[in-house]
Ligand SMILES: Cc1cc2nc3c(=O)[nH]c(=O)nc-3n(C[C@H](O)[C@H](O)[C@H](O)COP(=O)(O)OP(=O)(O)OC[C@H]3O[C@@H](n4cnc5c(N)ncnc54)[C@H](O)[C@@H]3O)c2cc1C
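To begin, one chain is listed below as structure tokens, in the form predicted on its own.
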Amino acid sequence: MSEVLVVGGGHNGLVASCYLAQAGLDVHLIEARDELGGATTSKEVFKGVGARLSRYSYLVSLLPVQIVRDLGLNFETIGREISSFTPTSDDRGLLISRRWDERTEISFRSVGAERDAQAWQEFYGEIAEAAPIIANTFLQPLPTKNELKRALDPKTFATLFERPLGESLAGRFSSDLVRGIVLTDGLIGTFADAFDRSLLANRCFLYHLVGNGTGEWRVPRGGMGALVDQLVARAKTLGVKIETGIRAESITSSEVVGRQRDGQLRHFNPRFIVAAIAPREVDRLQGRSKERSFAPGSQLKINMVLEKLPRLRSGISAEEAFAGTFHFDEGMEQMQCAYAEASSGSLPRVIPAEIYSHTLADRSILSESLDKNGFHTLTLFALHTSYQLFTQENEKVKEEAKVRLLRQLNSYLLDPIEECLARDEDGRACIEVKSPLDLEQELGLPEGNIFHGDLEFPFREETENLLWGSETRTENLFLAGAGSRRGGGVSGIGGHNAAMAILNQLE
């Protein structure tokens, strides 16, 4: 009998396994799919095209450096000098450097947003002071709301935790373009109104801005699969027993029943259970039929391999425009309109979206031939493309969304993106679309929600009986996935904290 059974072999399950095995526990991990890593895998998606794409995930910010060091992982992320570029309909554009500089100042003036230059610096200066305070709690027992409030400036606390993000942005910035750029961090993976009183956008915004105390989004060298490879290797070195092709059928405090590919049932009787799966799935496995209510997944992802980067109408080089995040049609009013249309059951007429190029920072994901010939990857994320839009005719709606998005993108390009796409060995364009429904069917993400449910603020109320944010009503069962408190995104935080909760019980 293993001391710990980990259900789910995504990055959080692997992180939990490594910490627990490193502490001397006997750990057994089971995974339903035939491969480990979940949404953090890398694949050669297009036939005969040597480009390993981070197919479902993208950049790294929330993964604490401490976890990489604690587990001895050979995993590196690469910084980007340019934060974002946003083209405008009159062939101008707003370029924002990672650190405020003269070029950014000039760019704000060039798009008529000079009044917001000072407001931007003040706003992000306040966030920069709060970020390390908040991030330093992520691998510690949960603070109470009042403890965190006392640690932060009152104005910043209100901005992050009390006032709808849309209200704060409307009060701080005059340019709709600038408001939209800021708002996107509250909407990636989150289907929400910017002025929603439940503060869904605030929760998403917080986690996008505080990772490792800086909020910097970095490119994983070798792709996201490099993290999985390191975690699997470390787990095996530590003696973790790993079995794939076993899907959990039920969970009780004393037993986990799994089913193998051949239909044979397996019975596990561990002392502790780590569920690195969605909370809704845990409920189902425990026989609780009442489903958790949360906002649906809303992010459409398009993966592309290009023979060349396109030229832009604004005159900026593609190497600069796509070096950071390339925003298009993401003004605040545009995103509010798209949210309203999607909420009413219609694919937005104008879909807000953003793009980044992995290969402008890291060419190691390309084969020698593709690297030599100047190929690139682009990854597009569309906002407010909610799960319900795809449930009836997934392929048809995906195609329509792709057509709209490429048409929108082309309005800012001199070279139509279709002319830049590489071709696979069968002559097909190297472009694929993944909808929230695909994420549910391929990865088990409930309603395609990449966070496994609504994100929660990184604190507990005084009345909550939580220490690490991983505890459940079953004493020996701990959540480790994105649905645990502080667990969203590619961070490993959920896995770390589930392991700490178990080790805390053993002290």
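Numbers follow the displayed sequence, beginning with 1. Quantities reported herein were computed from a predicted structural model and do not represent experimental measurements.
Not on display, but discussed next: the form predicted in complex with the named molecule.
S.K.: Let me know the one among K301, R203, K402, R313 whose heavy atoms come within 4.5 Å of the named molecule in the predicted bound form, would you?
M.R.: By the 4.5 Å criterion, the partner-contacting residue is K301.
S.K.: Just one of K149, R271, R288, R247 has a heavy atom within 4.5 angstroms of the named molecule in the predicted bound form, so which one?
M.R.: The residue from K149, R271, R288, R247 that makes the contact is R247.
S.K.: Can you pick the stretch from 64-72, 471-479, 42-50, 447-455 whose heavy atoms fall within 4.5 Å of the named molecule in the predicted bound form?
M.R.: The contacting stretch is 447-455.
S.K.: With a 4.5 Å heavy atom cut-off, would you call V4 a contact of the named molecule in the predicted bound form?
M.R.: Result no; V4 lies far from the named molecule in the predicted bound form.
S.K.: Is there a heavy atom of Y58 no more than 4.5 Å from a heavy atom of the named molecule in the predicted bound form?
M.R.: Taking the distances in the predicted bound form, the answer for Y58 is yes, it comes within 4.5 Å of the named molecule.
S.K.: Taking the shortest heavy atom distance, is W217 within 4.5 Å of the named molecule in the predicted bound form?
M.R.: Contact check for W217: yes, within 4.5 Å of the named molecule in the predicted bound form.
S.K.: Please determine whether E281 contacts the named molecule in the predicted bound form, using a 4.5 Å cut-off between heavy atoms.
M.R.: Looking in the predicted bound form, residue contacts with the named molecule include E281, since a heavy atom lies within 4.5 Å.
S.K.: Just to make sure I understand: among 25-53, which residues lie within 4.5 Å of the named molecule in the predicted bound form, judging by heavy atoms?
M.R.: Sequence-ordered list: I30, E31, A32, R33, G37, G38, A39, T40.
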